[in-house]
Structure formats: C-alpha cells, structure tokens
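Let's start with one chain on its own, the form predicted alone, as structure tokens.
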Amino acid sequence: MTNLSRRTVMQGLGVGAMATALAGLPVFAQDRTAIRIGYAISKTGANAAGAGITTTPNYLLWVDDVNKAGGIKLSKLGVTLPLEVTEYDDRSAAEETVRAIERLATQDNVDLILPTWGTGANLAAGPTFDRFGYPQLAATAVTDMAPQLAARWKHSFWMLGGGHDYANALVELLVKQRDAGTINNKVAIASVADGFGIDLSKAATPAFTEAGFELVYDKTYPLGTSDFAPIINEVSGLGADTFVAFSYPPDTFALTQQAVVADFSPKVFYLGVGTAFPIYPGIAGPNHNGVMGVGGIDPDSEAVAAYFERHIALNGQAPDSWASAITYASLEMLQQAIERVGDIDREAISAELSSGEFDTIIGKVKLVDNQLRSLWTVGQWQDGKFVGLAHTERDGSRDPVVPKPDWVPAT
C-alpha cells in the first residue's frame, strides 16, 4: 500500500517518567509503552473538507486531552499509558480506506482503529472493522440501515441516526410553519447521489408526500457537481417557499453562493453537511443568518462551550455544530470503556460500549442496540450560532426563524 501517506505521532510521558512508571511491572506491561491508535482519514480529495473540520481535529484534541492527563489507565496491567497514533490518507476513496484498515490491523498491529469521515466510507469499512474485531464508532454516518448493520456487525456503533430521523423532524417542523400560514405547500428537493443524500432523500420524499406537501422538484445530482445554476434556475420558477438540499460540504457552499447570485431566496433554505461548519458564515457572509440544515447544538450547554474552547485552542478553529461534538463524545465513550475493561481487550471493550452508560460532553449516553438515539436533527443559524431546532429524545430547542431574511446581494 505504498500509495498511502503515513504519519506517526507520539505525545505523552517523557522517557524517564515512562521508565519509572513501568519499573517492576510484568514483562508484558513493560513491553507496552503506549496504546496504539490508527485511522485512515481523508486528507485529500472530495471528503477532505468534511474530515478536516469534523473528524481529524477531534482525534487530535482527544489524543492531546488524554496524554496531557497522563494517558489511559489499564488497571489489569497496572499501568497508565499515552496514546500513539498512526494515520493514513485514504484520499476520499472507500477502497483506500479499507486497504488502510487492513494494513493497520495486520502490519501496524494497532490496538484500536478510529473510523473515517462520511456515510459511504463508513458503510464500506464496516465489514473490515468487523472481520478484525475492532469497534467501529461511526460518528459521521447517517443511515437508516443502522439497526440492521448493528445486528450484522456486532462491533459497529452508529452515532448519527438514520435519514428518517432528520427527514421526519424537518417535515414536522415545516408542517407547523405551513399550518401557521408562514410558508406555502410547495417543496423542492435536490440530493447528492451518494450515501448521505440517497438515505435522506429516500426518507424525505414519502414523509413530505404523506404530510400533504407538493413536491415540485425532487432530483439527485452527481457527487462532485460544482455548477448548480441549472438546478437553481429550474427550481426558482416553481413557486416553492421551501428548498431542501441533502448536500455534502462543497455542494452546500456552492449552492449558497450561487443561490445568492441568482437571487433565489426562498422562505426556508435548508442544506446538508457543511451548513453547521464554522466556516459557513464566512462563505455565506451575512446570508448565513436563518439558513437551516442538519444537526445543531445546545448553545447553553457548559460542557459543549468548554469543548469548543479547547477545540479552538488546539486546532485554531471551532468545531462544527453537529457531528463534531458527537465524534468527541464517542472518543470519551471509548476511553471510559477501555478503562472499565482495564486492558486492550477489543471484545470486552465492544461489549462495554454496547451496554454501558457514559459521561460525555453531550450528556449521559447509553446506546440502544448499538445506536445513539439522542440527537439534534434540525438546526439554524441564529445570532452567530447554529442552534438546535428539533431533536430526538432530547430536551430543549429553539424556535425557528421563518421566513429567513432575504439575501444580501453579492458585491
């Protein structure tokens, strides 16, 4: 696998301190100087923007937090060890992700493997994680197949819910706006022809129809599309007050910019992955205000606020306001599971992740059939924050601003 770039990072105790800590321990414990973590992530290619905001910074933050605290305690070995990381660039290609995981498992012999970014890549990697017995904490995958996948791959954990969670929450929110007379009955949907877009559109189309909305446009576009003028021009003449795009970050940014240029400013402008990114206000300028999308956060949470501060201090940028906090929470769960097991026993760690309750930045978490069910599903930019409007099995949400403000013309 010579076409993969590799970087090994070691942060933790000094050599002298490590030698002192390990003195007198059994040979096996003395031989173990670190807990070896590996992952394949998109450093280049179409998924690099998403991975570079949601996933990689949280992996770096977790390693930094753990090692500054002295490491992870392995009570059965009588030692606390720092994390050592091996990273590969999967080049935004699922086949590269799978090859990298195989190399991490068979050649690098890492103790644990963290997942890559994105729905499609996590689905592709699932069988390989399961074959080698590594827990897969899929914190950036949205799929309605999660219940079946969790049953098939006992080591997999699905942290972002399914398309129906997001689609049903959005439809329910819009029904209230329609019934209040704020928006009309027409909806236009565009979705990227990839795992995320397909899953969301499959759930949204029947949900809108069953709720009595008229779908005046419902089409997919190829992954990698950059020119959305044809879609915007067609939709703008259909009289829909609501435009929904189940999009990936590059599409989300391009759709925003091109809609402003075309002066296509529907009352509800809802986009997919990337809407919650900290860079979105910079891309959209003043037009970010009122834009809706997947995800959201509780801006009043002290734990989330502290997490944001640490993330910014280490990475020089804020996390996104959807899957970032869930990604970090999944790592907190992994650490607590390891420490409860007291050793790097992947079967026991997976069993603890399935059954245990964990304290995280998003609150107490207990998975249901290997799935996180407490989720923010619809968010909106309000006063500089991407706040949660709708949720599953959570408390608290903000009221939506509908209609959104009209676009400020591009200069």
Partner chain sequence: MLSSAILTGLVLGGTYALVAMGLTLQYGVARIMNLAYGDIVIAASFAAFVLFSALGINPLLGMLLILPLGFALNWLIYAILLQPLARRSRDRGRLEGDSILATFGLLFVIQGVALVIFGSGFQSYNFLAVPVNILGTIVAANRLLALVLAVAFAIGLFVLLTRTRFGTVIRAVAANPASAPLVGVNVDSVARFAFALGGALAAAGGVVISMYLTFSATMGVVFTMKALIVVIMGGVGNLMGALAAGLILGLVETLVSTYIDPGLTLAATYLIFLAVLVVRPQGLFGKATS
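Positions refer to the first chain, counted from 1. Everything numeric in this text was worked out from a predicted model, so none of it was measured.
Below, we turn to the form predicted in complex with its partner chain, even though it does not appear here.
Each of 230, 234 and 258 comes within 4.5 Å of its partner chain in the predicted complex, counting any heavy atom. This chain is drawn without its partner chain; in the predicted complex, the residue among 71, 290, 250, 295 with a heavy atom within 4.5 Å of it is 250. The partner is absent here; in the predicted complex, the one residue of 372, 361, 63, 48 having a heavy atom within 4.5 Å of its partner chain is 48. Proximity to its partner chain in the predicted complex, taken as heavy atoms within 4.5 Å, picks out 278 to 286 from the listed stretches 180 to 188, 318 to 326, 278 to 286, 334 to 342. A residue is said to contact a partner when one of its heavy atoms sits within 4.5 Å of a partner heavy atom; residue 262 meets this definition for its partner chain in the predicted complex. Although the partner is absent here, residue 382 sits far enough away that none of its heavy atoms falls within 4.5 Å of its partner chain in the predicted complex. Within 4.5 Å of any heavy atom of its partner chain in the predicted complex lies no heavy atom of residue 212.
Taking the partner from the other structure, its partner chain in the predicted complex has no heavy atom within 4.5 Å of any heavy atom of residue 75.
Interface residues of 207 to 224, taken as those with a heavy atom within 4.5 Å of its partner chain in the predicted complex (partner not displayed): 217, 219, 220, 221, 222, 223, in sequence order.
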